[in-house]
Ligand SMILES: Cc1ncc(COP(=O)(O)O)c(C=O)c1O
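Just the one chain here, laid out as structure tokens, in the form predicted alone.
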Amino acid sequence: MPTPAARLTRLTTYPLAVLGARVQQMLAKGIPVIRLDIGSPDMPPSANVVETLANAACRDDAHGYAGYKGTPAIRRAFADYYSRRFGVELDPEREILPLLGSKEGIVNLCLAYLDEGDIALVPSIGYPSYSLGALLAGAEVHWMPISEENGYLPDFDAIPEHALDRAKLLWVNYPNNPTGATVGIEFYQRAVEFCERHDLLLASDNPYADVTFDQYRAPSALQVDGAKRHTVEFTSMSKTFNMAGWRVGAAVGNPDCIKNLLQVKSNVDSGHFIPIYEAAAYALRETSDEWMAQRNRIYQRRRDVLLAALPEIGLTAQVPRGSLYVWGRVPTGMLGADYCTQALEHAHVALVPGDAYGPDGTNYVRISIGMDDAHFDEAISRLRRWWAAR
């Protein structure tokens, strides 16, 4: 067999895939692992969304290609959502591109903009696809340090000139995965101004905007005046509407960026199944604020239960006001990877080591609250017993 492409030597196996394989091996042996590693909603979408999908799938005319840009109805639904939710007006033809989940668009954006010798500016704790997409494109990553001490916010002015000279993309993500950190619109104002000053594309990943707690309401980077000149934002229905497996997202914002992303995407896939678009459009139009609020109250209750238990399982954490995660710091002298290995082996609870999210995540673990209450409570009980018996 021929050797694989050199670009694969720059990539590790996706961190969560490695963990998932280990968990599956344990489950196959009959070990009852509880998975608090996956950031996937445990609750279903609205019943009306599922019904819309089922009805559409029964139509004879619903099984052909939907088109590389999705359907006009799904683009209009995303536009209406942004108008209603953020007060941001978007042109459905030029400023919205439906995606097969936002992860696809994140990686394809790197392919659209980065060449060998280019740099992506990536938070030192963040979603792995920001850096892996850059490496897949042949580019380099410059880590922007973020930490508890700075509220998990990058200091744009600390980025060195030698990195800025070659940088094309700057990634931000709030509410943040994995830390749960949140920002106000003033942060996006600084980010937009910085990117305009240095001719950078601001890539805002915003899938957790509607998974928030304690009366916090997440903004969009596109709410900043003039943001569309230098900004593309990724939105996803996975967390907002409990539709993670449906793989529906969108890139919105700068029309040139949308056109360039489409050029890559149209050479890679042929769009989604039409009934999924129809059900997604229904969800965007018809899901009530109360449905989301009720769902978020369930998450917030789990978050609070977990935060209260942290001293008994050896962790500390800031209180997250968004996302599906608690970002726990492990005790001094211990690595997050070691904590996760022991928790899996002795408590049979799967967590994600913080170093999966970048070089400054070494002393942390990510714990998901996307698990039904019974299994969630059992997982915490197992962790308590394991930690007490160490």
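Keep in mind that this is a model prediction, so the values were computed, not measured. We number the residues from 1 along the sequence you see.
We do not show the form predicted in complex with this ligand, though everything after this point is about it.
- Taken together, the three residues R75, N242 and Y282 all stay farther than 4.5 Å from this ligand in the model of the complex, as judged by their closest heavy atom.
- Listed residues N108, S131, T287, N177 were compared with this ligand in the model of the complex; N177 is the one with a heavy atom within 4.5 Å.
- Shown without its partner, this chain lists N173, N254, S220, T212 as candidates; in the model of the complex, only N173 has a non-hydrogen atom within 4.5 angstroms of this ligand.
- Only one segment in the set 116-124, 268-276, 77-85, 233-241 has residues whose heavy atoms sit within 4.5 Å of this ligand in the model of the complex; it is 233-241.
- For the chain shown alone, S102 is a contact residue for this ligand in the model of the complex, at least one non-hydrogen atom being within 4.5 angstroms.
- In the model of the complex, Y325 approaches this ligand with a heavy atom inside 4.5 Å.
- This ligand in the model of the complex comes within 4.5 Å of no heavy atom belonging to P154.
- By the criterion of a heavy atom within 4.5 Å, Y299 is excluded from the residues contacting this ligand in the model of the complex.
- Residues are counted as partner-facing when one of their heavy atoms sits within 4.5 Å of this ligand in the model of the complex; in 185-210 these are D205, P207, Y208, in sequence order.
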